[in-house]
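In the form predicted alone, a lone chain appears below as structure tokens.
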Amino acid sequence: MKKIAVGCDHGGIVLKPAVVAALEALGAEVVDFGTYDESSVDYPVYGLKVAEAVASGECDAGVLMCGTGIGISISANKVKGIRAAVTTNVFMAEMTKRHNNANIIALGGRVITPEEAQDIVKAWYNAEYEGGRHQKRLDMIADIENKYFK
């Protein structure tokens, strides 16, 4: 069983119940880092919480949600070792795991429906990293991190 961190702001909370349900149906243990209602909050807070949980190994991977998925993914990607990718469809979700080994996906509550979010999460969760030629590229990304993250 994988331990999956979830987090969202007010723009992504519309997706959270569906995402949590999909993850639990897949057998994942879900750790919810908030937010818990539609009150306006700052997405970097939740992007950081989830990213730190994944980077530290507390959780195996994460799902973030904001209005578009963009802002919260940018926040998460500021944490060394995080590869957070905005996904808006099943193909993107599968490929970001298969080729980029994304350890966090980001979804937009104003971009996709809860049903689409469930399909995207399932595709990402079930996809396997292919390694091979893709590992060279991930190593290059790690080199960039090592250069700029002091």
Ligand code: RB5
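Nothing here was measured: the structure is a model prediction, and the numbers come from that model. From 1 onward, residues are counted along the sequence shown.
Not pictured, yet referred to below: the form predicted in complex with this ligand.
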Handout entry: Stretch in contact, per heavy atom within 4.5 angstroms of this ligand in the predicted bound form, of 117-125, 65-73, 84-92, 49-57
Key = 65-73
Practice task
Please check if His10 has a heavy atom lying within 4.5 Å of any heavy atom of this ligand in the predicted bound form.
Solution key: yes
Practice task
Pull the contact list for 93-126: residues with a heavy atom within 4.5 Å of this ligand in the predicted bound form, in sequence order.
Solution key: Arg110
